[in-house]
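One chain comes next, on its own, written out as structure tokens in the form predicted alone.
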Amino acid sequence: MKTETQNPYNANMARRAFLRYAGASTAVAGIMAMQSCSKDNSAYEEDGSGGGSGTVDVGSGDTGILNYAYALEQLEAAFYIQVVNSFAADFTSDERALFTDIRDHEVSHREFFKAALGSGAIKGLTPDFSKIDFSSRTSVLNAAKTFEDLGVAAYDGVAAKIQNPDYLVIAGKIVSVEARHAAVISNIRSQGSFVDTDQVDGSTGLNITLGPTKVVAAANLYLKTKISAKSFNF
């Protein structure tokens, strides 16, 4: 019987192509992001120089929802930037390539929301990754799963509240990429777990969702600049 372990090279290359196509579809939705996010080193600096301590409320309405997503994308982008800048020694070359692709996606997402929100954007947030051991592959993979699963559940949890249909389309395109990230990270951690029960409700076949209260609490564990969604009217 042929299994993936008998041909790991093809399997890994398929996963890399999978993520690249995911990034391409998001670029269509976020053309402004791709224009503002170059491939030089400056594009990968943490977007948090104006952050610091304190609490930032994301606001209300569609702008609040976009800022909510922007906050999560800032967190993810900062995480993957640090991962790629200091890979754990036991990451394979294919895993390094995958994480580099994911970093590029998250930076594009972050820059898209920043550009789209303009003067309405919340400030750059300062992450707190003291709970993550970036020298440990296991620690990094566990954190990546936490961030990706949280992001997908968060988008799904607020999608019904988006009023502007154009925003809803963009959110749908971005969350589909985040779900691909979540699937591949889960599969790297444990082969065959790409649709695990902590991600998808087996009885409905639908992704598990989380409301803003739980998402904010989880995200704030990794932020020095805390966020709040108190202005949401739901």
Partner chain sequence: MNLFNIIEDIEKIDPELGDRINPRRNVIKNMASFGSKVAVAALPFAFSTLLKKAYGQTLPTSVVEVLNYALTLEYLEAEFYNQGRAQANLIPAADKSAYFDKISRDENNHVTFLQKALGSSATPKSAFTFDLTANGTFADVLTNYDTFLKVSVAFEDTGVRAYKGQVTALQSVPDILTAAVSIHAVEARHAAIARYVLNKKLNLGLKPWIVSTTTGNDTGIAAVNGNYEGEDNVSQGGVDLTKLPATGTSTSKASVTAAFDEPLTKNATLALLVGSFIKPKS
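Residue numbers count along the first chain shown, from 1. Since we're looking at a predicted model, the values are computed, not measured.
Another form, the form predicted in complex with its partner chain, is not on view; read the next lines as being about it.
With the partner removed from view, the residue among L125, L72, V152, A78 that has a non-hydrogen atom within 4.5 Å of its partner chain in the predicted complex turns out to be V152. Using a 4.5 angstroms limit between non-hydrogen atoms, V56 is distant from its partner chain in the predicted complex. For T63, no non-hydrogen atom is located within 4.5 Å of its partner chain in the predicted complex, even though that partner is not displayed. Among residues of the shown chain, A115 is one whose heavy atoms approach its partner chain to within 4.5 Å in the predicted complex. For the chain shown alone, V83 is not a contact residue for its partner chain in the predicted complex, no non-hydrogen atom being within 4.5 angstroms. Contact annotation for 87-111: residues with any non-hydrogen atom within 4.5 angstroms of its partner chain in the predicted complex are A97, L98, D101, I102, R103, D104, H105, V107, S108, H109, R110, E111, listed in sequence order.
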